[in-house]
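Have a look below at one chain only, the form predicted alone, in structure tokens format.
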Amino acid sequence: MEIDVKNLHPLEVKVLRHVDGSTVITADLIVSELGYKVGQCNQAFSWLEAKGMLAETGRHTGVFYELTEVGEAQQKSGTPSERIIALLKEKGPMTLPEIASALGIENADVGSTFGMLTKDNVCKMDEEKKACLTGKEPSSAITDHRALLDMAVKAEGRSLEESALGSLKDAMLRISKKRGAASSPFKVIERETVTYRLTELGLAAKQAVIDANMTGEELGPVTAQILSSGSWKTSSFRPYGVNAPVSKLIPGRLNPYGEYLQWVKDKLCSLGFEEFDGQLVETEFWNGDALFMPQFHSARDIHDVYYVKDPQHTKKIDEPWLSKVATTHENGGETGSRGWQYSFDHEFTRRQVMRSQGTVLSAHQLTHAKVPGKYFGVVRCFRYDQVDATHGADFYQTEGIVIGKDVNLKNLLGLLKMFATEIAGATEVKYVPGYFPFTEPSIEVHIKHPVLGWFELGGSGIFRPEVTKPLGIDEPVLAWGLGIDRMALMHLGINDIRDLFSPSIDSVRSRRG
């Protein structure tokens, strides 16, 4: 039988050379005679058993008593009984609280230990209710505690096997615990011992290893130390498995959606746009009133907007914007419009909401924008909605405006096409007339997803004078608010918007943006 021993690991080679057909092989044996760690034993046994060279012959569950930190301290400083006896010999009669204070032991522990010493007739209470010695030497019930501690510190792994305790077993049961052992000298551990033997294949492999003059000391990786010392000249090397499968590399990487958002920002900045941003909590004034959305509009309903509970209202709205916008709503002001013909509610306009649309930042930008100018933002918004493959209760929009004397609808369509084809990656695009209180004309852009079909990417238009003039702008303003989450569906090749925010680390590792 020809056996390829070159593929054996050094741990396996050493085990095969060390044992023979009559050896009862256990982890304890290999640890003590070859100096392996328990983990190395388990690896070697597992590999040899999988190759049919080792066979399990039995399992035995043994009880062991492992020394705890409390036991270590008692072995060095003395058991509670020893310390109390020594203290009373030195100081004479003392109350139990005085003993606890002097030794730094809990009152309850002093009480239980003194009770045991009293039962053993080593201590007693005198007429003044103080603990004192009787003069009798401690019995084996007390001295056995010390014997067990001394045995444990000398034992391998600082643990004692139950079968080796003999007459000390009863004493061990009194001072050990299986649970809550932190306060006890010994912790009870049940440990399973598995025995093995070499199979016929294992015996053949042992002979093949000997014939090949393999010792298990063969060198593996070439290190700087091996090269500098020159030990490679007189050593043997393990064969390199150049066809062996390699371990999976998991390099760190950005979240694909976060990476996509940054890519969109970089692209718009390269086209000359300036980025704007703002706070998540806005007022009804900027979230709707400044955009010429009437205060009785259905989008102001609680089912569309999240209201802030505390504080409900901001202290004030800056002037002159409040007065100009209020007048525009009531009668059109200086815009040439008739307005909405209602009494503007100055209390309602201070109500705080979670930002429901990115256009609120465009309104803010108009108050200090450069003319001409191009601005954009990647904006997180919050709106009550039924969550599904294309909708979320919180979402991102890419929001933007272009201000200039000569900008027109054709320029806007060109921008929408860029977003749909270059940023979203859609091949089928259509434009649909829409209605928004703040733009005229208004356009919706739709794209076709290969799985989800047609869906709206977002809205756009040219801001009405009722929006721009109260905020200090007289030139035309192109505006858009597009769902960048939906663009990412196309760009990243996924079919559900919820996957953009997946908690699965594997999806982040495997996604290719």
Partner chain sequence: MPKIETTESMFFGLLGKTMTDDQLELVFPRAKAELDGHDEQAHVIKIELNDTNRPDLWSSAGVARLLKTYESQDIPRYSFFSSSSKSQPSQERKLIVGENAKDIRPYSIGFAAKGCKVTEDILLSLIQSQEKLCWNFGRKRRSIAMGIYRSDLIKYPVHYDAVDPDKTSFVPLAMTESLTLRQICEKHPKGQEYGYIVKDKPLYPYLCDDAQDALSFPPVINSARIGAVEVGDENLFIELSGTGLNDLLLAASIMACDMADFGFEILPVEVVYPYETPYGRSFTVPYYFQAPQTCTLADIRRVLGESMSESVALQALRRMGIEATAEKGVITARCPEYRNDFLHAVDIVEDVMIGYGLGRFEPQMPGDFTIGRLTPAEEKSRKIKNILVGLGFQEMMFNYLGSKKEYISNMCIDGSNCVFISNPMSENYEVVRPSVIPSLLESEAASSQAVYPHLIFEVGKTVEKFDGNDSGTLTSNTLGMLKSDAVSGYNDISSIINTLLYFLKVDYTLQTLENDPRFIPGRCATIIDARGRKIGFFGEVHPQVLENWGIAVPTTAAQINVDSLVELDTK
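Positions refer to the first chain, counted from 1. Quick caveat, the model's predicted, so the values are computed rather than measured.
Just so you know, the form predicted in complex with the partner chain exists too; it's not on screen, but the next bit is about it.
This chain is displayed without the partner chain, yet in the model of the complex the stretch 313-321 from 128-136, 313-321, 196-204, 109-117 comes within 4.5 Å of it by heavy atoms. The partner chain is not shown here, and in the model of the complex it never comes within 4.5 Å of any heavy atom of residue 144. At the 4.5 Å threshold, heavy atoms of residue 466 reach the partner chain in the model of the complex. Although the partner is absent here, residue 506 lies within 4.5 Å of the partner chain in the model of the complex, judged by heavy atoms. In the model of the complex, no heavy atom of residue 97 sits within 4.5 Å of the partner chain.
The partner is absent here, but in the model of the complex a heavy atom of 266, alone among 266, 192, 156, 90, sits within 4.5 Å of the partner chain.
Contact with the partner chain in the model of the complex, judged by any heavy atom within 4.5 Å, is made by just one of 188, 209, 443, 293: 443. Contacts of stretch 416-455 with the partner chain in the model of the complex, defined by any heavy atom lying within 4.5 Å, are made by 417, 418, 431, 432, 433, 434, 435, 440, 441, 442, 443, 444, listed in sequence order.
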